[in-house]
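First, one chain by itself: the form predicted alone, in structure tokens.
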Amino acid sequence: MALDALSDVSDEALLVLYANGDQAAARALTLRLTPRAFGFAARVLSDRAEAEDVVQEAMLRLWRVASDWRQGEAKISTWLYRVVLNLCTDRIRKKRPSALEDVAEPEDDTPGAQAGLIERDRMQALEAALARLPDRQRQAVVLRHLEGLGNPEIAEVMDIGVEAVESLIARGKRSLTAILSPRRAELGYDNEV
């Protein structure tokens, strides 16, 4: 099948087609799932190269379970986020903690900088602030506010209750506010209406 013909096909149907030997279905599902999984992994790990490795491994695991996939038990995207989260957690545990002095400072924003530069600085500040959160808070905040998952989906991905998700998100947002508030003017937020 052609890729454009597969654009309206569900994730589960694409996985079944792949399990039956349809390589176009595998390409379509990869193109659909990989960017979001990579974005999630990159934010959790704060390392794009590590995130690429994690997503590659997660997709390989998806292809391995394709023929055994039990439809209706879980959404493929939720399953993939769970695998990515577990792989990220494993990599975080293996890393040695670095001294705060070794962490690079985000670039300063200069008044009158172009909108693209301001946005880049804001994203760098957010990424640095996210990196300072405890792992579980960072994971919950990223899944909710950057990946757009609902609390029940996050609960399933993180294997915790919805109330725990709500608590992690609330604490994470408070911490982010405390970390980023002193930088409001520097990041150009005080000038916005």
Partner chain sequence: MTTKFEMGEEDLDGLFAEARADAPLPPGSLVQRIEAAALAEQAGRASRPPLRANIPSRGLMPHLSGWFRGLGLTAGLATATLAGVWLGAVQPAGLSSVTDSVSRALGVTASLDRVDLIPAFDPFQSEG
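Positions refer to the first chain, counted from 1. Keep in mind it's a predicted model, so treat the numbers as computed, not measured.
Omitted here: the form predicted together with its partner chain. The next part is about that form.
Contact check for R82: every heavy atom lies farther than 4.5 Å from its partner chain in the predicted complex. Among heavy atoms of E166, none comes within 4.5 Å of its partner chain in the predicted complex. The shortest heavy atom separation between A13 and its partner chain in the predicted complex exceeds 4.5 Å. Its partner chain in the predicted complex is not approached by D47, whose heavy atoms all lie more than 4.5 angstroms from it. In the predicted complex, the residues of 44 to 59 lying within 4.5 Å of its partner chain by at least one heavy atom are, in order, R48, E52, V55, Q56, M59.
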